[in-house]
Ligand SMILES: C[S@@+](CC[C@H](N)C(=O)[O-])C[C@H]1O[C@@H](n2cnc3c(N)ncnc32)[C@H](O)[C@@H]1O
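So this first bit is one chain, no partners, the form predicted alone, shown in structure tokens.
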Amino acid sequence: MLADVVRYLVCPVCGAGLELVDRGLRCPAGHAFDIARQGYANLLPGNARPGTADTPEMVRARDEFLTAGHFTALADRLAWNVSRADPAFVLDAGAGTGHYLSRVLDRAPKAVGLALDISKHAARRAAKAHPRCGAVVADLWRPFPIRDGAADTVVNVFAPRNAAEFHRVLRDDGLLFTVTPSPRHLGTLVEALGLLSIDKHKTERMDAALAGYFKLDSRQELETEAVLTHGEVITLVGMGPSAHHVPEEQLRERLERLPDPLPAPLSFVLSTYRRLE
């Protein structure tokens, strides 16, 4: 609920603290922001645009695929990693439906969490993902509507990484947990279906982008496999960036040449970074 995390929030207009007032958030200067009936708050500044925010169709696909348990091994490993830090406040930057944050909070019973995403469709679901989770619509490339040093940990799963803002909102000894796909992710499906491939230097580029703000603390690779029906493959593609590049009709035509169901390799890189002073 937003009530659990409002003390960590700031006004995106003037930077002052926010408090709950009726069905909204308000700062001392009078800037006010409504809380939607689904429980999330939109803290995008008035001149912000959603841009590449996930569409309702992408959010539905992601919720369906993740709820089916295909990425459970990843969610459990991430939750275990974060829980070892014993956080009180977890920020999930680019949280989507709140699936991963919910698993983290299940594993960290003393923590509260905030799901940050630019998609209001994702925030609707994230607001209900866990009893100790609040959800806010915000742009990860702008200053986060969060107090300096408020977060014990930041979680970032398949989402943009704003190193400067991660550094600002983390406490002095805070940790950043990232998840990225490895070049082997969905390997057998990429060529057959014309999906976007993963840059083989993605991890190195991420380290370079975070340098100066964070140092690598540990890194793990998680390799597993999912056996997916053609319908599940369509859902998987529909929840990610390949949805913008491979029309569903074309995807179905290509799938007709493949077995049903078919195995899909899942490969992830889980990295933990420590905040630099």
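Nothing here was measured: the structure is a model prediction, and the numbers come from that model. The first residue of the shown sequence is 1; numbering continues from there.
The form predicted together with this ligand exists for this protein as well; it is not shown, and the discussion that follows is about that form.
Peer 1: Does any heavy atom of P87 come within 4.5 Å of a heavy atom of this ligand in the predicted complex?
Peer 2: Judged by the heavy-atom cut-off of 4.5 Å, P87 is well away from this ligand in the predicted complex.
Peer 1: So in the predicted complex, does any heavy atom of Y100 sit within 4.5 Å of this ligand?
Peer 2: Heavy-atom contact with this ligand at 4.5 Å: present for Y100.
Peer 1: Can you tell me whether G96 touches this ligand? I mean in the predicted complex, with a 4.5 angstroms heavy atom cut-off.
Peer 2: Yes, G96 is a contact residue.
Peer 1: Though only this chain appears here, would L228 touch this ligand in the predicted complex if you measure heavy atom gaps against 4.5 Å?
Peer 2: No.
Peer 1: Could you work out which of A75, L140, M206, A150 is the residue within 4.5 angstroms of this ligand in the predicted complex, going by heavy atoms?
Peer 2: Checking each option against this ligand in the predicted complex, the one that comes within 4.5 Å is L140.
Peer 1: Answer with one of I118, L186, V104, V169: the residue that has a non-hydrogen atom within 4.5 Å of this ligand in the predicted complex.
Peer 2: Looking at I118, L186, V104, V169 one by one, just I118 meets the 4.5 Å heavy-atom criterion.
Peer 1: From the candidate stretches 190-198, 124-132, 106-114, 151-159, select the single one in contact with this ligand in the predicted complex, where contact means a heavy atom within 4.5 Å.
Peer 2: Result for this chain: 151-159.
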